[in-house]
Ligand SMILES: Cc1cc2nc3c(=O)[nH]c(=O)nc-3n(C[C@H](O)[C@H](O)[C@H](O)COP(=O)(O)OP(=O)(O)OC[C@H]3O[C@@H](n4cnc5c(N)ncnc54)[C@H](O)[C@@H]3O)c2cc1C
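The chain that follows stands alone, in the form predicted alone, written as structure tokens.
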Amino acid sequence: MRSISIDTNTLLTRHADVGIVGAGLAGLMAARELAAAGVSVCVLEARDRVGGRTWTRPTSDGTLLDVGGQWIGPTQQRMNRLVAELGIETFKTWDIGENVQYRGGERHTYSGAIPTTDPLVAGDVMEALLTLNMMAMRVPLETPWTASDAAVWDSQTFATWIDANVSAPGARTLLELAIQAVFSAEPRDLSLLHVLFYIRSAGGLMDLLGVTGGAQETRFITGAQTVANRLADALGDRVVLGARVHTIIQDDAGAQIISDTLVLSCARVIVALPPTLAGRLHYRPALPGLRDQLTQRMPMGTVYKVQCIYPKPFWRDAALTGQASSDTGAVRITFDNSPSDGSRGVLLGFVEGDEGRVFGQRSPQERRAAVLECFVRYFGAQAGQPLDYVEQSWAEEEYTRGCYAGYMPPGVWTMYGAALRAPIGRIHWAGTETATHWNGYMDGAVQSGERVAAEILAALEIHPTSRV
């Protein structure tokens, strides 16, 4: 790679024991833990806000919408503990009533987590879930590539597994929809080993998919970004916004993190970015080939998060949860995303995987019309007259480039997995993609921040005593 000439004389300079790239939950948690142990830190963030893939925005009438990550579940212990420590109020996702299923051009309603209108389909789905959960229990979370069947599982896609193991077409459709909902990617994109690791990381497939008792159970009254905002507030001027990092230099004497506005000298560096973005930074000396090629092989999912605001959550009057699933249309998964007091009705839809890739090539008017067509199909004519329409494409976000997280296609875990968390000289890696529990979720980001902070404290031979 051609060398880069950098004039650092015109930039501000700063010193810290540890420099952190990225002010999402992973970077902020690492900073919090290190600062509590008396380590000086500086967090550099390219955006004009903190929070990374959590982002809370008000609509024109002041209704707060999470356009990024927004839910936590009961088994996400780190997030639940952190939220309690920070004094952040939460509430339960609306899950009262029946769900809507749209299949083969027909609309049905049902109760429970799995559609039961076709017993054969329901039976096949339950059998597949049980089989996948049992397989997942054999995946070591710290080292998935060492599973006894890792080579076999990592040499095939999840689509291949569905074709070989699920007979009912309706059951195949539901499993494909589940994969799109969890990864915002297609079954053919994902290594079977990665899917099994993800299931084990969450505790079970229904933990990933469920509302009450699952990953979508709880929301934040003031929005999910509140967590990052509170962490950043406590860190004060140790967080620097608008500082896009482009180069990291390390040698025997220390490290330098060079951004557009600031040069930070430090002893250790934490890169708390999705692997695909971490791979776009310049490193001196260059990273080892295994780590660099890992970042070339961990793409992000594709998702549009679309929300329509109404005078009230009218679907509740019809005893509906606001949750719908479909085998057709741009929006194939919906939720009731209304504020805690029900002062407005908000329908949330996801346009994921292939549909998201196609959706992004349409005009804004065409996208809006496609969303409303789906909402009307699921919830009736009232859904076609929203007060406001909000969409967020995470693939278009310069400092994210996709959601929900980086994933592993076939062959990546077994050949490159060992490079995911391993420090390189003075550089350490964080981010939800490096987590072993609740990988890809806010809870995983928090775990990664705690883990990398402990890693650095051990390297510096410092024992934490108090919290900032």
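Keep in mind it's a predicted model, so treat the numbers as computed, not measured. One-based numbering along the sequence shown.
Same protein, other form: the form predicted in complex with the ligand, not shown, and the subject of what follows.
Undergrad: In the predicted complex, do 147, 188 and 410 all reach within 4.5 Å of the ligand through at least one heavy atom apiece?
TA: Looking in the predicted complex, the three residues 147, 188 and 410 all stay beyond 4.5 Å of the ligand (heavy atoms).
Undergrad: With the cut-off set at 4.5 Å between non-hydrogen atoms, does residue 19 touch the ligand in the predicted complex?
TA: Answer no; every heavy atom of residue 19 is more than 4.5 Å from the ligand in the predicted complex.
Undergrad: Is there a heavy atom of residue 78 no more than 4.5 Å from a heavy atom of the ligand in the predicted complex?
TA: Residue 78: no, not in contact with the ligand in the predicted complex.
Undergrad: In the predicted complex, does residue 23 come within 4.5 Å of the ligand, counting heavy atoms only?
TA: Residue 23: contacts the ligand in the predicted complex.
Undergrad: Given that the ligand is not shown alongside this chain, does residue 414 nevertheless sit within 4.5 Å of it in the predicted complex, heavy atom to heavy atom?
TA: Although the ligand is absent here, residue 414 would stay clear of it in the predicted complex, with no heavy atoms inside 4.5 Å.
Undergrad: Only one of these stretches, 56-64, 31-39, 430-438, 417-425, has heavy atoms within 4.5 Å of the ligand in the predicted complex; which one is it?
TA: Going by heavy atoms within 4.5 Å, the stretch is 430-438.
Undergrad: Between 347, 270, 193, 273, only one gets a heavy atom within 4.5 angstroms of the ligand in the predicted complex; which residue is that?
TA: Only one listed residue qualifies here, and that residue is 273.
Undergrad: What is the one choice in 243, 132, 202, 294 with a heavy atom within 4.5 Å of the ligand in the predicted complex?
TA: Here the answer is residue option 243.
Undergrad: If we check the ligand in the predicted complex, which of the residues in 396-416 reach within 4.5 angstroms of it by a non-hydrogen atom?
TA: The stretch touches the partner through 399, 403, 404.
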